[in-house]
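Read the single chain below, which is given as structure tokens and is the form predicted alone.
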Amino acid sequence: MDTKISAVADKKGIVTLKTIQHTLGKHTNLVTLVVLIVALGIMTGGRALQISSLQNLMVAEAVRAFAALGVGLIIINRGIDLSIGQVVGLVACVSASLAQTSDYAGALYPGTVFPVFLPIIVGIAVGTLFGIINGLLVAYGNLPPFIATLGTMSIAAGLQLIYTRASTIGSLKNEYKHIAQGSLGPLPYLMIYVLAAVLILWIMMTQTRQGKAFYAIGGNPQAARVSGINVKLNLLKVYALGGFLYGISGVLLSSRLGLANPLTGDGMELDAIAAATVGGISHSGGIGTIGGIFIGVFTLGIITFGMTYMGVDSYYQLLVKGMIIIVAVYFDMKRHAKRA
């Protein structure tokens, strides 16, 4: 009898252990984020986890979150986008130029007063336009995403220099800067915008036919086409949606900084792709969640914040980010190979 009870107990213990392992494996991204937060708190004696420090972290990563959400959706559809940083920078410059005070001596449109909503609308439109161009090149031009977005990256960079004449655009209206610099109690507006975007995109990807179509295309484009999904049109849609999110990112970036120049947004493609990858978005397509991208953004943010807080040189931070992308993609490919 005792042996039977012991066997049952052992069996229950094994089941419990497997359940725990399954749960941890399923939520690896979240567990990693929590571990990093705890580790950073211990290493800095809790100073890095003060309210003011966390607010700075949220503000810094919120803008990148929109870019990461955009490219994450594209990667789910077996694509990639290298134009992110330059498109975000171009949007920031265009939006900032329309938000300058009219009496500023260096204004691009001196003496002209634009309503505060105009730079927002125009900026998002510019980002969306580049997304549509990328989508047309990939879906209907049959160009590899890498080549298509490499080309538009160069075009966006050139347009920035032409439009700004390689100068900084400053003296933005306080109403425009308040869009990204304000807060609701202890919660920055930027974080509210991100949470709203995450919720909307989560509903789209999990509760709508559009989201299911995106996952189907990423999983197997040929099977999606046979099942009646218009693959080309949906690829155009996902790149346009990515551009729309880059547009929001660029507008918020110029509002947060209170200025823009041709270097604004430079390197954001690395941060965005790294965050999506760390967040569990598979480069094999069809795998990943909106929540995972959100967690990936703040996981990278914690790593960067921790290195900065401890005085690690920015050059080494770039090295670490590159290694994180390589390691994350390597293990993603290993997991995908096992499933296959």
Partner chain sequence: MAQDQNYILEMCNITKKFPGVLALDDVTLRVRPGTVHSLMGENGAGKSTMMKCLFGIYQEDGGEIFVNGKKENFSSAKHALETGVSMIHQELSIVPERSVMENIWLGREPGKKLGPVQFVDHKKMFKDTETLLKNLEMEFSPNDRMGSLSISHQQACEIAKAVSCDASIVVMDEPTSSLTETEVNHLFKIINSLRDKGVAIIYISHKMSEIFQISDDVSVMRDGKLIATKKASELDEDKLIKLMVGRDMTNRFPPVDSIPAEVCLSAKNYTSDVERSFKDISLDLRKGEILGLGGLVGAQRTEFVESIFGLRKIKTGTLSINGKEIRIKSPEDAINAGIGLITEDRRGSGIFPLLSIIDNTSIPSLKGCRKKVGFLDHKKIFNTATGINKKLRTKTPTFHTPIQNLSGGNQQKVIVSRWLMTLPEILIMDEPTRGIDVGAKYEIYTIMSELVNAGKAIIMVSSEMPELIGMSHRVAVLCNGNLTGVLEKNDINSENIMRLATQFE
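Positions refer to the first chain, counted from 1. As the structure is a computational prediction, the values presented were derived from the model and not from experiment.
If you look for the form predicted together with the partner chain, you will not find it shown, but the lines that follow are about it.
Contact with the partner chain in the predicted bound form, judged by any heavy atom within 4.5 Å, is made by just one of L118, I203, A107, L143: I203.
A224 is the sole member of I80, L159, A197, A224 with a non-hydrogen atom within 4.5 Å of the partner chain in the predicted bound form. Only one listed stretch (205-213, 89-97, 242-250, 130-138) carries heavy atoms within 4.5 Å of the partner chain in the predicted bound form, and that stretch is 205-213. Although the partner is absent here, G219 is a contact residue: one of its heavy atoms lies within 4.5 angstroms of the partner chain in the predicted bound form. M153 falls outside the set of residues with a heavy atom inside 4.5 Å of the partner chain in the predicted bound form. Heavy atoms of I229 reach within 4.5 Å of the partner chain in the predicted bound form, making it an interface residue. None of the heavy atoms of I303 is located within 4.5 Å of the partner chain in the predicted bound form.
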